[in-house]
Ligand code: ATR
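Okay, here we've got a single chain as structure tokens, the form predicted on its own, with questions on binding and movement later.
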């Protein structure tokens, strides 16, 4: 049996196993995808080696921590300096990143985005920022602490501390922090957030499956909003093409995963 997994902390909420296992079940493939909670990145590599995991996804907070443990990196992972997909073949651990592709496909129905604000500066924010920048969207990345912002400066992406954030119109606002994942917190003080959300055209929270306080506020204010469900699906399809060597084309995998997502996460937040 081929073994796959997702590693994170927390990870109990993850719906990635449902998406990938649906493909395996549909095509009668002898494979399983599980979720594994770990406390540090070293545990990920140990688990992979000991359990013969041949492909996996990495989620918060290990997308950057796993980097030095990889023997090889794809161009995207090296450029982004974050990994969300890995393969383990012939003793070689290789890191990839499919988050940027997944995010851009998830917002493809949004029009006329010329500028964007990204809240948070972790691994997911990196991939989203570089994907938006590649599409000539003017960006500002805001974070509570300054040390994580250094990466964006090397990519000529504007940055600011949240405490210094200018209130202005952003076509798109994306929350990449974990605020609201397991509590009722907001990524920014409520009054500031309201001033930012009000003139925006589109609001995205990459947390999926439930309406975070960030999205609740966006709904109250009559904004167009979405969670990270479609980003999850689309990055998962790209990841599956990388680590699951099965004879199922991209479109078929996408259709299967979207149908499975409809049962678990899509449309849940509306």
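These figures come from a predicted structure and were not determined experimentally. Positions refer to the first chain, counted from 1.
If you look for the form predicted in complex with this ligand, you will not find it shown, but the lines that follow are about it.
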Self-check item: Close approach of residue 121 to this ligand in the predicted complex, 4.5 Å, heavy atom
Solution: yes
Self-check item: is_contact(residue 115, this ligand) in the predicted complex, heavy atom dist at most 4.5 Å
Solution: no
Quiz item: Given that the partner is absent here, does residue 144 sit within 4.5 Å of this ligand in the predicted complex, heavy atoms only?
Solution: yes
Quiz item: At the 4.5 Å heavy atom threshold, is residue 198 in contact with this ligand in the predicted complex?
Solution: no
Quiz item: When this ligand is placed as it is in the predicted complex, which of 172-180, 87-95, 68-76, 100-108 ends up with heavy atoms within 4.5 Å of it?
Solution: 172-180
Quiz item: Which residues within 178-215 place at least one heavy atom within 4.5 Å of this ligand in the predicted complex?
Solution: 178, 179, 185, 186, 187
